[in-house]
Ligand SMILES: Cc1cc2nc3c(=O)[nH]c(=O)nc-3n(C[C@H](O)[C@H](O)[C@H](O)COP(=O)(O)O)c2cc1C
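The chain below stands alone and is given in C-alpha cells; this is the form predicted alone.
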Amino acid sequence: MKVLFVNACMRGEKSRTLTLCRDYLQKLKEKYPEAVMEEVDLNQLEIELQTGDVLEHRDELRHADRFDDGMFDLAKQLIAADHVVIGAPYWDLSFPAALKNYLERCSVDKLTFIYNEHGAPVGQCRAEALTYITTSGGFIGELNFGFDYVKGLGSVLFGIEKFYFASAEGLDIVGVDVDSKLEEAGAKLAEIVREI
C-alpha cells in the first residue's frame, strides 16, 4: 500500500492538525507495516500559481503527451497512491490557499482524469479512499466547504470512491478542553483505520 500524505498544515510543528495527521499515519503504519508513506509538505513546496502563462505551457505539454515534464510529477504521484490523506486546518471556511494550488496542479486532463465519449470526466487515480483531517478554532457545522470541495473534486475528477473526515473543533473557544477534543478526533481516526 502506498499512502500519500498531503500536508497543508501551514503552522508546521505548532499545528494541531499535523498532530492528528501523524497519529493517523502511525495507526495506518501499525495496521499495514508494509505501507510506503510519501509526504508532500506544502509549506516547503513552492508550486507556481496557475497563471495564464503556466496554463498555456501545461496545455502545450499535455497536447503533445509530454507528461515526463516535472510539471506533472505531483499529479503522477497522486495517481499512484492507494490511499490519500489530506491534513489541512479549517481556515476562512475552507483550507489554506496552498492546498488549492496543489489540487489545481494535480487536476490534469489526460492524466488524473480523462473524458469519456459522453464528455463526462473519468478519474484515473488508483486510490479507493481519501481521509481528510482538520482542526478549527470554532465549530464547522454545515459550513464544511474545505472537505466538501475535496470530496467533490476527488469523486468527480480523480475517481476516488470513499471519503473519511475527522476534525477537532472549537479549539480556540475559552473553556474548551482542547486535549479532550483532540482525543475524540484521535478515536474517530482509529475507527477510520479499522474500516480501511
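Predicted model, so just to flag it, every value in this text is computed and none were measured. Numbers follow the displayed sequence, beginning with 1.
Heads up, the form predicted together with the ligand isn't pictured, but that's what we're talking about next.
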Leu157, Leu171, Leu28, Ala127: which sits within 4.5 Å of the ligand in the model of the complex by any heavy atom?
Leu171
Heavy atom within 4.5 Å of the ligand in the model of the complex: which of Pro33, Gly138, Gly152, Gly141 fits that? Just give me the one.
Gly138
Looking at 104-112, 119-127, 86-94, 73-81, which one sits within 4.5 Å of the ligand in the model of the complex if you count heavy atoms only?
86-94
